[in-house]
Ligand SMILES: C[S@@+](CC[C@H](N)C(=O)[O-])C[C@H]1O[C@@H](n2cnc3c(N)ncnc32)[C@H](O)[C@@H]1O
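One chain comes next, on its own, written out as structure tokens in the form predicted on its own.
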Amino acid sequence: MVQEVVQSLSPQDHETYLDVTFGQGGHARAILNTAQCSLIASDRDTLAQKAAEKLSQEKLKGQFLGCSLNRFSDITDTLQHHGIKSVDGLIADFGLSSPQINNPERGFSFKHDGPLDMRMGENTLSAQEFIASSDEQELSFTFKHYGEERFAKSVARAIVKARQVQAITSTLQLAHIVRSAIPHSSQKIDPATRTFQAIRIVVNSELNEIKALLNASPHILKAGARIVIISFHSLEDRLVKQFFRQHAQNHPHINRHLPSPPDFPPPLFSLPFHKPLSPSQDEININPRARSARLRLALRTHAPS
């Protein structure tokens, strides 16, 4: 959704933007080619560093200030590294990049055999370690709450039974176990999809990182700044939607048709549109992985954080 990102962020000359999911630099490149602006980037994946080196050598309208190896929860450190307190816009894309998915050694995909890794950074528990060390109850909870898997108990039970016979070390091995535990149905997605999603979320503490990013955003965005976030599944999108809506009204517990108490602080954000944007059919045809993407936009008000 590069075109939608640029239109939503609306880059302007002499402004500064922050891309906290640099990936392969697609969004950063589009932003820097739109206006004579500055852009700071960060990413927790070391692969982003090579892409950043390539982007820094390109001729762009704007100025690329580099990419830091940081998580969302390190967003303040990212800005401090460049001596910047606030920015005019922020972009976050929660989707996995194609190099992450297509490389079997990363362990994200159940379509290719590879080690059970799934780590986006280097200093976290691997998927193999999580599968080996978690009891049946914890596995079931993980699959139900982070994968929204209907058959979470059955999948957890099958994993515990299988690892008693042989250690679970590869993606195809795990995918086979999961598929065998889920009744055959006409669902369009692979039965292993939700389990792999849940494990990846836990291994990388993804939802906590998203919460940290959202909570920090009012403090680092200038008045009038825009924040653009792309989510790919309901857990991510729900966090973003609830945060924006909560902070775009005077009080979350007061009827919107009634005036707010005079002593309650004004909203931190305004929402140009309440429903998320979806990718065009042309983009889905070219990149089927984009079909579940949802883009939300919020504008920072003048209210103090």
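Note that the structure is a prediction, hence the values are computed from the model and not measured. All residue numbers refer to positions in the sequence shown, first residue = 1.
Quick note: we don't show the form predicted together with the named molecule, though the next part is all about it.
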- Task: Using heavy atoms and a 4.5 Å cut-off, decide whether Arg71, Asp93 and Leu96 all contact the named molecule in the predicted complex.
- Result: yes
- Query: So in the predicted complex, does any heavy atom of Thr16 sit within 4.5 Å of the named molecule?
  - Reply: no
- Is Asp237 close enough to touch the named molecule in the predicted complex, meaning at least one heavy atom pair within 4.5 Å? no
- Message: Against the named molecule in the predicted complex, would Pro267 count as a contact residue? Criterion: heavy atoms within 4.5 Å.
- Response: no
- Message: Would you classify Pro11 as touching the named molecule in the predicted complex, given a 4.5 Å non-hydrogen atom cut-off?
- Response: no
- Note on the structure: Of the candidate stretches 270-278, 43-51, 56-64, 239-247, the one with residues having heavy atoms within 4.5 Å of the named molecule in the predicted complex is 43-51
- Message: Give me the residue from Thr124, Gln100, Gln128, Gln197 that has a heavy atom within 4.5 Å of the named molecule in the predicted complex.
- Response: Gln100
- Message: If you apply a 4.5 angstroms heavy atom cut-off, which residues in 10-30 are near the named molecule in the predicted complex?
- Response: Val20, Thr21, Phe22, Gly23, Gln24, Gly25, Gly26, His27
